[in-house]
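Here's a solo chain for you in structure tokens, the form predicted alone.
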């Protein structure tokens, strides 16, 4: 299995000995040893995945990297977080996924109003199985723990990913004052309940909620 490690905060180093990983297309910045790069259709799920992604609009251009040596990945100087999956599932915005172990399964999941508010569409990417994955954020990602006693509300523009046994719901604070121009700019949040981890970035994307 490939080994993920950080080379600084903005470069991911993946050590491989004949292993394969899936990475964002064009994200290789250097490598040593012998590497082969192959563009994958539809995010690496074959025909079904390709059709699903075209229908949902969840775009993720992916390449398979296979070889022996170390391959380095980065994307627009984004900060990178390496996390491990142990048979569980990660939900992550496609634009925030940099690399995943080749043995992990990728798919799409309906996000409903949360996706619409975050400006990332109505579907998000899922990564499932056992292995490592690397996610990107604008600024160092903060990992926040959610427990049954302590639910968490997150700005859709700052949300990056989550994992664990979490249920999410969409909260709206739109009132009459919002419509007369006295809103506080925090009219929408995602509420997480259950047991798991939520990754947020210290920077907010432009969203519909941010304007009201």
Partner chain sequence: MPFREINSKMVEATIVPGQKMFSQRGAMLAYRGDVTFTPNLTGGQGGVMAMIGRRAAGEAAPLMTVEGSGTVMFGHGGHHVQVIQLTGDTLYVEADRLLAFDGTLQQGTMFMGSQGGVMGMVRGQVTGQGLFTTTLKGHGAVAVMAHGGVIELPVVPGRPVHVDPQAYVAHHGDVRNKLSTALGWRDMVGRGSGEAFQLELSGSGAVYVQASEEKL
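Residue numbers count along the first chain shown, from 1. Values in this document were obtained by computation on a predicted structure and should not be read as measured data.
Form predicted together with its partner chain: not shown, discussed below.
Candidate site formed by 91, 105 and 164: none of these residues places a non-hydrogen atom within 4.5 angstroms of its partner chain in the predicted complex. Proximity of residue 191 to its partner chain in the predicted complex falls outside the 4.5 Å heavy atom cutoff. Taking non-hydrogen atoms only, residue 76 approaches its partner chain to within 4.5 angstroms in the predicted complex.
In the predicted complex, at least one heavy atom of residue 69 sits within 4.5 Å of its partner chain. A residue is said to contact a partner when one of its heavy atoms sits within 4.5 Å of a partner heavy atom; residue 37 meets this definition for its partner chain in the predicted complex. Interface residues of 1-27, taken as those with a heavy atom within 4.5 Å of its partner chain in the predicted complex (partner not displayed): 7, 10, 11, 25, 26, 27, in sequence order.
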